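Listed next as structure tokens is one chain, alone, in the form predicted on its own.
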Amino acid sequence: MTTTPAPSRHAGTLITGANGEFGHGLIRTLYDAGRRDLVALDVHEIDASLRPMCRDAIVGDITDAALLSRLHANYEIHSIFHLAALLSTRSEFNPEAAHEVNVVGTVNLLKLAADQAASHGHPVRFMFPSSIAVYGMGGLEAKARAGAVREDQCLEPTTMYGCNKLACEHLGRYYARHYRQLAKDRPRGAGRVDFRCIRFPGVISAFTLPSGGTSDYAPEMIHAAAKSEAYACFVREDARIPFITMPDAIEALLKLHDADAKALTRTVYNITAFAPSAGEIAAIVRRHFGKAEITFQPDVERQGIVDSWPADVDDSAARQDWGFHPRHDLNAAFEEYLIPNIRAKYAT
């Protein structure tokens, strides 16, 4: 009796949350660098402009265990960029749904990574974008005293999103270092998950619109001015958190992905580029868009969330371990990236 051999699996780099701000930029960057193995996954139909850049574009939910089983059966995955998440503002309206997507969905993908590593015998690099939402500063006075916060300080988040992200950082470290530690067939060496995480500050994109983050007041302000729309900022003028541009954020994620594992001293890294107040951002926007109508009408709850996040973070570990260095400081972010591209976007 003859048997039909199982079809070989396609090589794949899995990108979840592919339709989001980060996903758009990451897919284009990887495609331009010559990658042709991209498997895009999102709960919505993948943007038509992205589909030609992907080997496959899959509509599905990361909480669907059957979908993850199919991915395991159909692909040989060596890298996962797990971008899918319910963001901070939306998570506060439905914290239970946020837990399902942000934590249960992440566990599903970590299990997929572990199964893949065991299957093909190579580490699966798992790239996870965390957030400054994991911090809880305990009030404005404590925030002012803290200065630039290190990775292991002030980890008492006040939002469901922050709790979810912090939990996933711990889960990632568990899957990387301690997964099934009592099992006789515990995976070792090449059969492990290589979990690498960046705690991102607020990310500002010139090309995609904000989608529900608490730090979105900065990009919302710029896009509204370019469209000649009035904007009421939901935080105070003195509100301050760190930011980075989308190109620098993508470059950082890829740089950490490619870093030599022996050079890494931790699984979670802070990064930042500039930390202006909301008032300073408004002043720059008004300088470039003379008719910009920006007012400040703080929302008590959302302002409270921003106040719980650090005014700045210490990213010395990322700079030392894997050479993080953003191209855009505050002036360059506006002069070279945001203003020219946003003007062009709305001019057409």
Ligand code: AKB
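Please read all numbers here as calculations on a predicted model, not as lab measurements. The first residue of the sequence shown is number 1, and the count goes up from there.
Omitted here: the form predicted together with the ligand. The next part is about that form.
Residue Gly213 is the only one of Pro187, Gly213, Pro276, Pro123 with a heavy atom lying within 4.5 Å of the ligand in the predicted bound form. Contact with the ligand in the predicted bound form, defined as a heavy atom within 4.5 Å, holds for exactly one of Cys154, Ile250, Leu87, Leu166, namely Leu87. Proximity to the ligand in the predicted bound form, taken as heavy atoms within 4.5 Å, picks out 125-133 from the listed stretches 174-182, 264-272, 73-81, 125-133. The ligand is not shown here, but in the predicted bound form it comes within 4.5 Å of a heavy atom of Pro201.
For Tyr161, a non-hydrogen atom is located within 4.5 Å of the ligand in the predicted bound form, even though that partner is not displayed. Along 96-125, not one residue places a heavy atom within 4.5 Å of the ligand in the predicted bound form.
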